[in-house]
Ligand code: HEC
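Have a look below at one chain only, the form predicted on its own, in structure tokens format.
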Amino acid sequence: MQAKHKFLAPATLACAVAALVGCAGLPAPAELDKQAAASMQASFRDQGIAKADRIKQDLGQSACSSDKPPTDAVAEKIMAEAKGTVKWPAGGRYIGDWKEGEKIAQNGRGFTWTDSSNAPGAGGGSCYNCHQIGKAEISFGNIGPSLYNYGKNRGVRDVTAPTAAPIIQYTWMKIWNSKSYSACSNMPRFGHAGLMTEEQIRHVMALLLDPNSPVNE
């Protein structure tokens, strides 16, 4: 029997060669990144309070939006830089009014370019978009962990007691700049980004930690 040989059709062969040539001619990854950044820059403009500088990424944003997670060394650097941005509360006043904190947690308005200003606090906290917080709330997101009984589960019986200091400071840092303890956290950096005022953060702290808050029932 005569052996049968299979040959690529001329058109198929031409396509394969063209594909190989095309791949060989692709720019280097660094050049592609540069082109993509230029394309992004050209696609946005200042309008109202929304400025084009919003697309500029810091180390945490660029490293965590890559196709590969940051190395341990880069992650440590991101967290160290984040901790360095934390502004501690004036007079050591960490705790505000949990009732005000609940209002902030429920406010998910956010900012839009049509707002007259992006003054801190105008957009609310949007806390329930990502977390369960109060037991009475039946609609909440699950991107973040449940925060119900946040203070109670951590043994906070008196927010003025010295034993409560570590969790109080941790919580403040986490709200102020979430990348302080998780390099690629999806949580907004409320204090660092100017999304909430120092006073508002105190109120949210009270919601989470005050033993009298419904969160800790």
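None of the values given here were measured: they were computed from a predicted structure. Each residue number is its position in the shown sequence, starting from 1.
Here the subject shifts to the form predicted in complex with the ligand, a form of this protein not shown in this document.
Trainee: Name the single residue among Lys152, Lys51, Lys174, His192 that comes within 4.5 Å of the ligand in the predicted complex, judging by heavy atoms.
Mentor: Checking each option against the ligand in the predicted complex, the one that comes within 4.5 Å is Lys174.
Trainee: So the ligand isn't shown here. In the predicted complex, which residue out of Ala73, Ala119, Ile143, Ala90 has a non-hydrogen atom within 4.5 Å of it?
Mentor: Flagged contact: Ile143.
Trainee: Does any part of Met196 reach within 4.5 Å of the ligand in the predicted complex? Heavy atoms only, please.
Mentor: So Met196 counts as contacting the ligand.
Trainee: Are any of the heavy atoms in Ala206 no more than 4.5 Å from a heavy atom of the ligand in the predicted complex?
Mentor: Flag for Ala206 set to no.
Trainee: Is Tyr170 one of the residues lying within 4.5 Å of the ligand in the predicted complex, judged by heavy atom distances?
Mentor: Result yes; Tyr170 sits at the interface with the ligand in the predicted complex.
Trainee: With the cut-off set at 4.5 Å between non-hydrogen atoms, does Met187 touch the ligand in the predicted complex?
Mentor: So Met187 counts as contacting the ligand.
Trainee: Considering the ligand in the predicted complex, find the one stretch among 144-152, 158-166, 33-41, 59-67 with heavy atoms no farther than 4.5 Å from it.
Mentor: Only one stretch passes the 4.5 Å heavy-atom test: 144-152.
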